[in-house]
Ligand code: PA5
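One chain comes next, on its own, written out as C-alpha cells in the form predicted on its own.
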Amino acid sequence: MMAHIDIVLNDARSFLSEQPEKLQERVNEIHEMIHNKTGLGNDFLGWLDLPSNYDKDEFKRVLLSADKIKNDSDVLVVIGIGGSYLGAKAGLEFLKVPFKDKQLEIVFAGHQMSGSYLNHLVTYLKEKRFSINVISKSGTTTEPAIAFRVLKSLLEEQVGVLEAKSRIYATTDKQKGALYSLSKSNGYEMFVIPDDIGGRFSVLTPVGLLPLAADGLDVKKMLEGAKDAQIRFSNPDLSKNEAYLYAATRYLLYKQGYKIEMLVGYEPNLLYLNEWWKQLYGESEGKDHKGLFVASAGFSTDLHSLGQYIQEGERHLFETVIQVENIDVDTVIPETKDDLDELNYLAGKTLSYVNKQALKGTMMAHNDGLVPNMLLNIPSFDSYTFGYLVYFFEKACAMSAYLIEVNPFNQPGVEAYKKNMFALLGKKGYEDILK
C-alpha cells in the first residue's frame, strides 16, 4: 500500500516571485545535512529512521500491555503534556468513529493545571476500573508529575499497592530520571522514550503507540505508513518529495512577508492533528525571532467565525488545506415536498460532496482575497495514512527549520515561564529570579 500525499500549489504559485523548484540546490544541501546528521540538533534525529529500525521486542510488549489494559480496565488515563500527549490524542481523534461505544475509554491528565478538571476526573474514576500510562522523560515536569501523584494515590487506595503496580505503565528515559527510578523500584511495566527523539517527534514511539494500541487501533499499519513515507522522502528531488515541496513553498511565502500559516481541515477528525502540528512547527521553528506563527481552523465551522478576517483582514497569512479524498460512510440529503429550507437542489447528493464543494469554493474565495493556499490531499482516515502523514510533517519540519537556519530540535524558550513560576511558588533554588 503506497498512497502518498498529493500536494497542489495552483493557488500558491501565483503569489510567489520565486518558485520552490529554484531552491533545489539548497534543499539538496539540507537533505545531506539531515541524513549525514551534521546540522544543528543532530543528536535528535532518531525519528528519521524509526519506521524501519524501531525496537521490535518493545513493540511486542506494547501490544501485550495494550491487551492487558483492555482486560483490566474500563478507563486508561494517559498522563503527559506537549509531545507526550498531543501525538496520541491526534491519532485517537484522526481515527475516531463518532458516537461509537468503546471497550476502553481513554482520557488525559497532566496536560494542564486545572484543579477543577483533576478533581472531576478523580470523582469519575472512583467508580471505574482504571489503569495509568504516565509519560515523562524526567518525571519532574510539573503538570504530569502533579497528576500522577494524585492519580497514583487514588489507584492504590482503590485496588491496593500491589495491584496498582500492575496497572501503571511508565514511558520514560531508558536509564535515568525520577520516573525511571520510581518505576524501577516499584516494578512498573516500562517503555522507552529514545534519547535521540524529542517529544514532539515521538508519536510513533511507545509515547503514542501504547495509548493508540490500547484503543484497538492498528499501530503496525501506522508504522508501515511511516516507513513508506520514509522511503519516498529519502529522495530530495522536489518533483518527487512532497514533504520538501511543502517546506520550500511555506519558506518562500514566509520570506515574502506571510507570517502566519493556518492549517485547515474540513473534517472534525483533523482538529487534534492540527494541535499536534502546531506544537511540531511552533516549537521547532520559533527561535531567534524567526519562524511562521502557526494557527489552525476547522471549516466550515470556523468560516462562520474567522471567515471574515481570513477573507478581508490583514494580508499576512496563508492556508494549508487538508482534503480527505475518501470518506468511509456518508449522508445522503433527502428531498422534501414543501422545500421550505430551499435545499431540494441538493436532494440525492451526499454531504461529503457538498463539503468538498465548500472546500473548493472557499479556496477560490480566499485566493481572490489574496490569501495563498496549498492543498494537501490525503487518501482516507486510516492507520496507514496517519503514520504516513506524521512522517510527512516531521520530515518537512526538519527541512523548514533548517531553511530559516534554526535548530529544529531544541526549545530553549520553553524554560522561561517555568523559572518564574517556580520562583513564585517558592521552589528551592529559584529565590533570586524575581529580585
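Just so it is clear, the model here is predicted, and its values are computed rather than measured. All residue numbers refer to positions in the sequence shown, first residue = 1.
What follows is about the form predicted together with 5-phosphoarabinonic acid (PA5), which we do not show.
Residues placing heavy atoms within 4.5 Å of 5-phosphoarabinonic acid (PA5) in the predicted bound form fall in a single listed stretch, namely 135 to 143, out of 157 to 165, 135 to 143, 210 to 218, 301 to 309.
Checking Pro236, Gly82, Gly282, Pro194 against 5-phosphoarabinonic acid (PA5) in the predicted bound form, a heavy atom within 4.5 Å turns up for just one residue: Gly82. Within 4.5 Å of any heavy atom of 5-phosphoarabinonic acid (PA5) in the predicted bound form lies no heavy atom of Lys89. Using a 4.5 angstroms threshold between heavy atoms, Gly199 counts as touching 5-phosphoarabinonic acid (PA5) in the predicted bound form.
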